[in-house]
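One chain comes next, on its own, written out as structure tokens in the form predicted on its own.
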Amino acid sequence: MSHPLLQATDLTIQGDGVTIAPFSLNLGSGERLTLLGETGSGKSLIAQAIMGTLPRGLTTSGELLIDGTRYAAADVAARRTLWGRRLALLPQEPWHALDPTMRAAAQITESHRHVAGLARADARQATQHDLTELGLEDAGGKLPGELSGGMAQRVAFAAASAGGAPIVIADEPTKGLDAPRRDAVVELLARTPRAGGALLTITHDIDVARRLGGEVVILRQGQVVERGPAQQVLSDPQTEYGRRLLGAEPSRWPAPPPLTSAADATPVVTARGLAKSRGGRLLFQDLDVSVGPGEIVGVVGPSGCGKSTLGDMLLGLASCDAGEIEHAPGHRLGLQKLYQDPPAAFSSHWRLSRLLDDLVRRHDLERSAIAPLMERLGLDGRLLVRRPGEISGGELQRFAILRVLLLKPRLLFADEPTSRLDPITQQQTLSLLVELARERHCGVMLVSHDPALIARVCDRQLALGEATNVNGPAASARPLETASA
């Protein structure tokens, strides 16, 4: 290696209650580094500081060496010419990276043409290759709002990587993807270092870190807790926090408290003979669904199989092609949804305190319930002065859970509600969700691509598309319900 491709020296981020201690990294040709750690520990802020896209109110200092050229970390303008060509960011939130008015294929083609410099015909051919490789053959003609969260994530991945930048920063590139799609994205990420580039990955998925290999850094509260080769850190962590992090993988969780509601209790929702097609493709048909008070039902299946669509139908947000849906009587706020992508569910213009205040006033809720729920969800009160785009994805995900819990729903459709959370925070958050669902007799339909999580949290499962049964308490609690597709 003649020189580092990416080097950060004493990178420091401060402001608005945030302090990221001096952080350094050195990535040469063919090398890879993965950042793990708790939600809000500064992983994404480090990536944004390198790119020069920190939220307002935050400042950075230190020095960067990018492909042989030195930059002051605070000199944002000097690095913008590198975006897409020498330095690429695969963003955590696809909705922040995609034009909502532009079809998927056109966005990827634009990157191939204007960043990579391909001719029009070559750019279109490269786009089709990208779509096929990512399992998006039918998505090219769709707008981002017509895609599932996992599909939008892959489109953003293809658009960001089309320029062929030798230095790639991937922020949660596999969240919301089923295992086969996750493995495909990991394989695509690995191509950058294999081709002589450098890869910096931010993830909460410990298995992704294992597959990528290289070096691993564990962060907590802006500090480096542990650092070393992936095989060593992820098999034999030397710090107490490192051991807690690995011990919180869903496969190691204890079973939830048993469901104790009466067997003859009226279901919060009952659906019979549901069918739905989208874009000329049948998602499911002859589907029967019921959820009892306090029951947690897992919803599994490959990306794009109709999990989110099913939730919208049960909540009255989308029509069904066939079948009927009946809800138990309850208050007008009884049907609620936790969205797969929290940024799409929050106004970006207002502080979080204002958004919660508006909710409390509009629905005459108990303001006194906010602080205890924030504490139970591990949310710092200082975050309330920020806007949704100024906090981490995991923090915003927990604010979404806080907001919906204030409404005390009877039926909650939770669409990947913890996909942005580290294993420790994910376990704590889902334990709280299950506990409150049992206490309040709220039926929950929980979508996840993690079979171990579903097995540990849910009373039973509903499989859509090509999904199959999984091992664990949830699978054996009651017979698996399946839907034909």
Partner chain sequence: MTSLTLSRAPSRWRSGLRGLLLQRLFQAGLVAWMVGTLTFVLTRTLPGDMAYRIAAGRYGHDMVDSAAAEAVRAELALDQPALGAYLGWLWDLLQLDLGRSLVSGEPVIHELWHQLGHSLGLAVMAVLLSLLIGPPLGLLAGRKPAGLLDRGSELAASVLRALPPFAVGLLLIMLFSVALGWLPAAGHGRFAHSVLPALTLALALAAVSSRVARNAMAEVSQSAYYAFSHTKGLGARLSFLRHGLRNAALPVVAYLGVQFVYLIEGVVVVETLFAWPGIGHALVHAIVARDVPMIQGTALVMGLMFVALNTVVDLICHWLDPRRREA
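Quick caveat, the model's predicted, so the values are computed rather than measured. Residue numbers count along the first chain shown, from 1.
FYI, the form predicted in complex with the partner chain isn't displayed, but the following is about it.
In summary, the region of this chain contacting the partner chain in the predicted bound form, judged by heavy atoms within 4.5 Å and restricted to 281-289, 95-103, 375-383, 226-234, corresponds to 95-103. In the predicted bound form, the partner chain sits within 4.5 Å of a heavy atom belonging to Pro91.
Interface membership of Glu249, defined by any non-hydrogen atom within 4.5 Å of the partner chain in the predicted bound form, is ruled out. In the predicted bound form, the partner chain sits within 4.5 Å of a heavy atom belonging to Glu146. Using a 4.5 angstroms limit between non-hydrogen atoms, Gln107 touches the partner chain in the predicted bound form. The contact with the partner chain in the predicted bound form, taken as any heavy atom within 4.5 Å, belongs to Thr53 out of Thr69, Thr59, Ser29, Thr53. This chain appears without its partner; in the predicted bound form, the one residue of Gly323, Pro256, Pro267, Gly84 with a heavy atom within 4.5 Å of the partner chain is Gly84. Interface residues of 111-129, taken as those with a heavy atom within 4.5 Å of the partner chain in the predicted bound form (partner not displayed): Ser111, His114, Val115, in sequence order.
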